[in-house]
Structures are given as C-alpha cells and as structure tokens.
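First, one chain by itself in structure tokens, the form predicted on its own.
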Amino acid sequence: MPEILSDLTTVAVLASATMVPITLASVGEIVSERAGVVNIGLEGIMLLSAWASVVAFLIGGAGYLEAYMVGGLLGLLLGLLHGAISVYLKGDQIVTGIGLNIFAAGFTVLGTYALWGTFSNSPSFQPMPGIAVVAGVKVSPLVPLSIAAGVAAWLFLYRTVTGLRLRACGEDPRSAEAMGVNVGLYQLAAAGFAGLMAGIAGAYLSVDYQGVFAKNMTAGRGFIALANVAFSGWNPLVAVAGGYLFGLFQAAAISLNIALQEEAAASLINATPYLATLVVVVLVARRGFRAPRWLGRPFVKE
C-alpha cells in the first residue's frame, strides 16, 4: 500500500509539471477567443518559442529568465502578427493558424540542423532549477504561476470594465463599437496575449521541463490546449482544472511507460492523452457549451 500511494503521489506531482504548457496556452487562448479571435496556431507558436529559447540559452548565452523572455517575446510577436492579419486584413483565422503550424514544423527542423548539424535535437543542458522536489519530481515556479494566470485572467474578464468590453467584442462587436469600444485594438491585444502565453509555454517545455529542444517536442499540446478551451466553457478558472486533468493523462502515460518498459505497449500508452482529449471533446459537444458568437468572424465596420 505505501508503494502504491508513493506512485500515485509521483503521478499527481508529475501532472502539475505536464499541466503547465497546456494551462498557459489555454488561458491565453480563452482571452483571445473571448475577444472573437481564434488561433489554432498555438502548436506552432509553442514550437518556435521552444526553439528560440534554447538558441538564446545555448548560443546567445542567456540565462533561464532571459531565455523565457525570448520565448515569450517571440510568442507575443507571432500572436500580434496573427491578430493583425485576422483583424485588419480580414484574413481567414483558421488558415493563418495552420500556416503558423506548418511554418514552425519546417523552420525549427532546418534551424536545428543549421546550428547543430542534426535534424532531431539540440544539445541537452541542465533544466532550470525548481522551487522544490516532491516525490522525486521537480516543481517548477511556473506551476503556481500558471494557476495564478488562470485566476488573474478570470478576474480580468469578469471583474473589470476592460474585460467586459473585451468580451463584448467577441459577442457583438457592432454594439461594442457603438458604445465607443475600439474593437480592432481589443482583438489585436487579445491575440497578442494568446501568443505571449503560448510562447512562455513553449519556453517552459524546452528550458524548464526537458532541458533540450527536440523535433516536434510540443507533441500536440497546442491542440490539447484548444480542446481544453472548449472543455472549460471559455472559463479560465475551469481551464486550470482542465489543464491539470489533461496533464494527469500525460503523467499517467509517462509512468506506465516507465513501469512496463515494453516498446510494443509504448505507442498505445503514448496515445492515451490524445484519446482522452477526443473523449473530452465529444462530452463537451454533448453538454452544448456555447462559444462567443463572433468567434472567428472578421468584423467589418458598416
């Protein structure tokens, strides 16, 4: 019994580590979608930011904090680019997001080869130290910060006038404009915030969680974050709980792989978090959560 409890504790703590990138990306995307801008390019932003953070750390001589800043800044710029194309150029938001994902997948592989002579990964390094070690698992400072981000986003959206105006942009931008709200500016800022959070999530994966950049290391976490947005009903507080739930699926898969050590079972076990994501999305669809009414639609002034 003590051994079982120890294993469960390890999985629970590991889930707090695996939840961070999903939670951060989800919270940022909720704010963006509440303003009416959807970005399915979270995966690409996370991947590019993870790569850029490692480049800054290994080649630029940056410290951990500076590497995080590089990842976050790149994410912010990519989010603003997506927002500008979507809001001011009236581009298709889905197509722009897909373009980000495709570009990131190719660029990071070529960039890795150009810098380190391999298509697979960068040299490994010591990950950023944690604030504690519980059950043999490092606890990153980003764990409490990601939870705090969800709380702060909820307070902003539902307890401030600015948050109310932002939500109005995603529900009825014509009415918001009639009330004097600069809809385009709010949507651009929200898209930038989503990019910033995805960038920090990507930097966490490479600099903090793994201590290396590896090809396609985001492994679908951006899409899981999008599923978590729907699962949460576009509520940042619920998204924190959802992030931990999806993180728990990933932590369980990691623990099972270590315990079984069988290559034949590895593929099936690794697929567990994604199968669980599909199940959750189906259940959410049955519950009938309503997305912001103007989500994904360009606003054209009359």
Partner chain sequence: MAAEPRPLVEMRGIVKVYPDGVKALDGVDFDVYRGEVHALLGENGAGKTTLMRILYGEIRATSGVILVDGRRVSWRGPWDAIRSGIAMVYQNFRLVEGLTVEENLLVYLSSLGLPRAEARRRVERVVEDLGLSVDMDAPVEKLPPGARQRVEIVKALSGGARLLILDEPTSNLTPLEARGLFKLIGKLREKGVAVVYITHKLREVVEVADRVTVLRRGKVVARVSRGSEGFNEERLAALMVGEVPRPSSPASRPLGGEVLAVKDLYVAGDDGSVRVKGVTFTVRGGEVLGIAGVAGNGQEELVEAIIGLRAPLRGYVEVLGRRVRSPRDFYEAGGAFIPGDRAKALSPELSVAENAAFIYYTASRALLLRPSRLASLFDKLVRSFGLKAGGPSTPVSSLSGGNQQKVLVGAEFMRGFKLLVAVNPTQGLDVATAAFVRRLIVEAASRGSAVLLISSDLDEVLELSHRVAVMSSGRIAGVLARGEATPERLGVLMGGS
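All values derive from a computational prediction rather than experimental measurement. Positions refer to the first chain, counted from 1.
Not on display, but discussed next: the form predicted in complex with its partner chain.
Chemist: Pick from 164-172, 141-149, 210-218, 71-79: which stretch has non-hydrogen atoms within 4.5 Å of its partner chain in the predicted complex?
Modeler: Within 4.5 Å of the partner lies stretch 164-172.
Chemist: Should residue 120 be classed as touching its partner chain in the predicted complex when contacts are defined as heavy atoms within 4.5 Å?
Modeler: No, residue 120 sits far enough from its partner chain in the predicted complex that none of its heavy atoms falls within 4.5 Å.
Chemist: May I ask you to check whether residue 182 falls inside a 4.5 Å heavy atom distance of its partner chain in the predicted complex?
Modeler: Output for residue 182 is yes: heavy atoms within 4.5 Å of its partner chain.
Chemist: Wondering, does residue 124 line up within 4.5 Å of its partner chain in the predicted complex on heavy atoms?
Modeler: Residue 124: no, not in contact with its partner chain in the predicted complex.
Chemist: Answer yes if any heavy atom of residue 178 is within 4.5 Å of a heavy atom of its partner chain in the predicted complex; otherwise answer no.
Modeler: Yes, residue 178 is a contact residue.
Chemist: Does any residue in 137-162 get within 4.5 Å of its partner chain in the predicted complex, counting heavy atoms only, and if so which ones?
Modeler: The stretch 137-162, when checked against its partner chain in the predicted complex, contributes 159, 160, 161 at the 4.5 Å heavy-atom cut-off.
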